[in-house]
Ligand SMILES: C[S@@+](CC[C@H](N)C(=O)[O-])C[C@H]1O[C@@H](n2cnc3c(N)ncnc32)[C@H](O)[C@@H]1O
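One chain comes next, on its own, written out as structure tokens in the form predicted on its own.
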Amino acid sequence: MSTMVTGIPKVFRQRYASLVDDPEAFFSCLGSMQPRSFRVNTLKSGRKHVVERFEGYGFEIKQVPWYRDAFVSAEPDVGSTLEHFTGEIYMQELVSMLPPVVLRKDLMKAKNVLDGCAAPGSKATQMAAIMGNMGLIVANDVSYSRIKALKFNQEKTGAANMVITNLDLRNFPQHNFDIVLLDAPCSAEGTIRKSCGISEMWSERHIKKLSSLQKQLIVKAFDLMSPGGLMVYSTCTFAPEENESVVNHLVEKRPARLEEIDVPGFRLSDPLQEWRGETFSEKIKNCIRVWPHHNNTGGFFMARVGK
């Protein structure tokens, strides 16, 4: 394995060594290169066509067992192909594909969907593809500069059932959505394998600040769900303050139902039931964690919430 991350703070190592099943494998994985991954954009192409084209290039790609449109490759030039330029494929982290995957059956019959923190649009455009450009996706983001990337990816992928809004989700006008995706802004610890700067900027103070914001966002997102609707809350971080603690806050404030999550062919891990003196609701057991060394991916957390 080639090493990417050498400067993981000591306090970070101490913080997470007791949470993982195999600390040595975990920290070794964080210091290794992550395979490049992409999904076929079914709004513009098909798996067979893409596989044939990549075979013609001499690129070795491997389909993942849990999502038939997703592939991994050790080829560094996958992102330089014509297929990427034209939007036939979308370069995306495997764990980033999980929320739309666990909502797949629900998305196929949803009339309206809200992606509350959508930029740069990876999950929003994936949902558009799953929905076959039917129904409506409201792709919202608070950052105007990131909206530009969202708009670019919408046009590139041909996501015609998407409208873009530029609002702080906490001030979003009251509306009822069949599905809400809240991929919350987070400390992004799970992306250390591709972003060395994450470990350099890491601090527990930043985590606490983000946790406060996430708790406001998740309650608002729940209030925007239709009765009988669904929400996925997700982050790409390991911090319990941004994961279990945030979902626990929701179940204390609202009558939220936490549903089981299963992704056949992908290893999921149990959530924490307590952290630093805070004991979480029994409902939290249905949340899931993804540790990088289990699937050779980034880190992730998800909760599937019913109303």
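Note that the structure is predicted; figures quoted are calculated from it, not measured. Residues carry their position along the shown sequence, with the first being 1.
As for the form predicted in complex with the ligand, it is not shown, yet the points below apply to it.
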Task: the ligand: the contacting residue among Val78, Ala159, Leu94, Ala184 in the model of the complex [heavy atom, 4.5 Å] - done: Ala184
- [ ] Scan Ala119, Met131, Val102, Ala221 and let me know which has any heavy atom within 4.5 Å of the ligand in the model of the complex.
- [x] Ala119
Open item on the list: Partner absent here, but in the model of the complex, which of 68-76, 223-231, 166-174, 81-89 has residues with a heavy atom within 4.5 Å of the ligand?
Closed with: 166-174
TODO: Give a yes/no on whether Lys123 approaches the ligand to within 4.5 Å in the model of the complex, heavy atoms considered.
DONE: yes
- [ ] Tell me, yes or no, whether Ile179 is in contact with the ligand in the model of the complex, where a contact means a heavy atom of each within 4.5 Å.
- [x] no
Open item on the list: At 4.5 Å between heavy atoms, is Leu213 in contact with the ligand in the model of the complex?
Closed with: yes
Task: Close approach of Leu98 to the ligand in the model of the complex, 4.5 Å, heavy atom - done: no
TODO: Heavy atoms within 4.5 Å of the ligand in the model of the complex is the criterion; list the residues of 11-31 that meet it.
DONE: none
